[in-house]
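Only one chain is included here, represented as structure tokens and corresponding to the form predicted alone.
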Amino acid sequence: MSLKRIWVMFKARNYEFFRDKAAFGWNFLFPFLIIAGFAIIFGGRDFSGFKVGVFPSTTKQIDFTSTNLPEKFITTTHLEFIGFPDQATGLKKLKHHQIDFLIRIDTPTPLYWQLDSSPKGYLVERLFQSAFVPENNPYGTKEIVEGREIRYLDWLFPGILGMNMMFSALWGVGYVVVRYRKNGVLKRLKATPLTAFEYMTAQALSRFFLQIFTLIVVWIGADLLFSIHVEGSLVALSVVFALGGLSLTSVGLLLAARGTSEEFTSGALNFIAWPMMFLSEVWFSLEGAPQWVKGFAEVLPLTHLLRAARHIMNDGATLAQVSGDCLALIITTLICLVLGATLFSWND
């Protein structure tokens, strides 16, 4: 094994990445756009979880003074009231799930419409009906949750970073190597003293370097804009992201071991990436999902990366407490690297 040859291939791949302005810019711009979008939608004080249509009303500021709607319902937090000029317009929006509830306010007794297939509509209906219950009716005893409240952005942020690392690993290694093989680049490299192990090592190190570099830049930018909170150790978090980056890169190398069809490779990459994006809790929790879905998610490296990162960031966990997820990432890395090195071909 020659470290000099590995270093030359490592630099060559990095130069190629940085000179591709479109790919270089998109690797940084894409996560920022997602983070900024969710921060605006879910981080603002005026965010409304339920949309209630009201007619007849033609103004944005609806006048409730002459209506019989209960004050408790009007002042309920997370309800956004949207005015419509007539019933037909409101019903059209309701049928297309653009609003969750529709009320007519020019009648002695309020009339309302709600879709039976809409979970949000059902909850708004319950809120509407409970608003007519007298204030002195006992509801139970409310207890305040102690501790720091975790913003949705703080929960989502590790998922965005992990998803960006996943796409970078799969397409930056798997797709690129297959393209090299199809264009005959690998056949030319085979004529040099470079070995398959050296080439695979250089590709893995280059992609790992670019993943960590991108993660640091995105993290600094997001922290300056949105004040990302980390409850645990930054060192432990760095170790988890490093193991996750290696694991995802090894999966990309395994996919790049063979194949000359870019179309087939793109389909295979999507076949692997999309389940990870939806089942590894990037966007939402799998609590309440069928047990077989949770079991399948445990096979995916992104699941272990995000679970460990969130435990450290949001719960202050230590490396010892997330050792199970770290071990799963290490095992995935070793298995994929061994299989990738064994199956790798310069031509086939």
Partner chain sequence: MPPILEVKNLIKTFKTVTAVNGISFTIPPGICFGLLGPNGAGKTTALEVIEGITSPSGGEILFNGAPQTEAFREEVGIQFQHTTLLDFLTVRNTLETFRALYRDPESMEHLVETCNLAEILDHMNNKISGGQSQRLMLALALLNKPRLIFLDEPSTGLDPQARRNLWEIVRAIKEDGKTIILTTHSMDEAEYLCDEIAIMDHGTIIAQGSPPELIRRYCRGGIISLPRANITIPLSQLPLPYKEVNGRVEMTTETIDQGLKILMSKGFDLSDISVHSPDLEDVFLNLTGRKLRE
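Computed from a predicted structure; not experimentally measured. Numbering follows the first chain given and starts at 1.
Keep in mind that the form predicted in complex with the partner chain is missing from the display, and what follows is about it.
Peer 1: Which of these stretches, 215-223, 106-114, 152-160, 186-194, has heavy atoms within 4.5 Å of the partner chain in the predicted complex?
Peer 2: After filtering at 4.5 Å, what remains is 186-194.
Peer 1: Of Phe73, Tyr180, Phe84, Phe167, which residue is found within 4.5 angstroms of the partner chain in the predicted complex when only non-hydrogen atoms are counted?
Peer 2: Checking each option against the partner chain in the predicted complex, the one that comes within 4.5 Å is Tyr180.
Peer 1: Does Leu334 make contact with the partner chain in the predicted complex, using a 4.5 Å heavy atom cut-off?
Peer 2: Looking in the predicted complex, residue contacts with the partner chain do not include Leu334, since no heavy atom lies within 4.5 Å.
Peer 1: With a 4.5 Å heavy atom cut-off, would you call Leu339 a contact of the partner chain in the predicted complex?
Peer 2: No.
Peer 1: Find out whether any non-hydrogen atom of Leu343 is located within 4.5 angstroms of the partner chain in the predicted complex, and reply yes or no.
Peer 2: No, Leu343 sits far enough from the partner chain in the predicted complex that none of its heavy atoms falls within 4.5 Å.
Peer 1: Examine Ile330 and determine whether its closest non-hydrogen atom to the partner chain in the predicted complex is within 4.5 angstroms.
Peer 2: Ile330 lies outside the contact set for the partner chain.
Peer 1: Ala289, Lys294 and Leu300 - do all three of these have some heavy atom no more than 4.5 Å from the partner chain in the predicted complex?
Peer 2: Result no, not one residue of the spot touches the partner chain.
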